[in-house]
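What follows is a single chain, given as structure tokens, in the form predicted on its own.
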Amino acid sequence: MFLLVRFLLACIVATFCVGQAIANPERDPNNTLIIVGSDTLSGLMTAWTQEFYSQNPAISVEIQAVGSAAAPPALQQGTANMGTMSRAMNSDEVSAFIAETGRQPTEIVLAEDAVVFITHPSNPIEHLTENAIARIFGMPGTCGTNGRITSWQELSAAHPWGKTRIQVIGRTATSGTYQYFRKSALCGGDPGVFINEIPGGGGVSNTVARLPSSLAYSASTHANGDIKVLSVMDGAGEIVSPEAYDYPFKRRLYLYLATSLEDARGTAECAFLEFIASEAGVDILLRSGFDLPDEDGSLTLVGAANACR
């Protein structure tokens, strides 16, 4: 069966992908969804759109998972009607959107996940301290720390790999995971220039699985395959696993609309929002490894779907 759903997940140049999204001037905006943004959310969006298409075969969906940083300009320029981000829009992005469109973007808290630390399964280490994270991944002095950690022996004197150098792996600057990690784990400082940057979360896990001396941060939903996920010792000295409610690197993930929910009534955007907020949509979210966000006054899926009706 031919599907109208087009998954553009491997675009080499983000601007080319956005250009492709508007190449057909005859598209009916009520029957087309163009979703640009987060690599972390690409698997969930793919699962959602496949099921959505089975129920709404007249609506074409394009997913461009080129990184969270691609979402704000695509929404601002009108080359996407939905944007996914693994961080919130920053003030500069919101201001640019308002300056261009004259309105606020609609922010929906979509889900929660965690940023985790992963190693090769042969590595005997079980947890990292927040101090060690800053000294491994950040530039000297990050978060007020003193001195970098470059070898496994410096991390743990009893580590059997001794002076073997830690191969530090991270994400590229267009990634929302990169920006979240910089803010939350590195106190807003710069990641080290020595980090091997990889564009996709799946690529991070694959690289760690091949390199025994590697250490990386990753979205929890990409931390699968032949890798080991570490716990974190928090500032109080408690060792916390990523599944725990008080894990220090839990985060919210976002869906943005270029228009208001009131204006989106009767469009493909609202049809999609109503589906993903349904029992079937929530089941897909949970099975994809994400959690529902706490209700704290923010606009969540249920509220967005209700506003569409």
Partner chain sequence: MLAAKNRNLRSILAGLIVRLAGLAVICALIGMFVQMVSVAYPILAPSTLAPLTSSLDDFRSGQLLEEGYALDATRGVSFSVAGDWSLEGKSGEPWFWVNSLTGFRIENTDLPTRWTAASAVGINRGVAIANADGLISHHHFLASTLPGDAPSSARAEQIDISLSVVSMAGHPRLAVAAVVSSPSTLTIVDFRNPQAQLTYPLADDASGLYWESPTKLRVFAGSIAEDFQFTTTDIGGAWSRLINPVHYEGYSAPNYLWLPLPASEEAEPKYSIAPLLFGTLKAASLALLIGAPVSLGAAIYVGFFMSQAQRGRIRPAIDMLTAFPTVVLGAIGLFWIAPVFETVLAALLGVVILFPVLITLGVFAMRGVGLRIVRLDALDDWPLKLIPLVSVVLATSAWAGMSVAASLPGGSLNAYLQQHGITIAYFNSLLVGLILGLAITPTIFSVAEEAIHSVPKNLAAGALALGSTPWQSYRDIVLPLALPGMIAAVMIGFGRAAGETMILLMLSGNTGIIDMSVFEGLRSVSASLALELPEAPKNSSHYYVLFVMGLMLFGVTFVVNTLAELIKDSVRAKTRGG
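For clarity, every value in this text was computed on a predicted model and none was experimentally measured. Residue numbers count along the first chain shown, from 1.
The form predicted together with the partner chain exists for this protein as well; it is not shown, and the discussion that follows is about that form.
- For the residues 127, 165, 159, 120, the 4.5 Å heavy atom test against the partner chain in the predicted bound form is passed only by 165.
- This chain is displayed without the partner chain, yet in the predicted bound form the stretch 63-71 from 236-244, 270-278, 63-71, 249-257 comes within 4.5 Å of it by heavy atoms.
- Residue contact with the partner chain in the predicted bound form: residue 132 places no heavy atom within 4.5 Å of it.
- When the partner chain is considered in the predicted bound form, residue 178 lines it closely, a heavy atom lying within 4.5 Å.
- At least one heavy atom of residue 139 is located within 4.5 Å of the partner chain in the predicted bound form.
- Residue contact with the partner chain in the predicted bound form: residue 211 places a heavy atom within 4.5 Å of it.
- Looking at 194-211, the residues that come within 4.5 Å of the partner chain in the predicted bound form, counting any heavy atom, are 194, 195, 196, 197, 198, 199, 206, 207, 210, 211.
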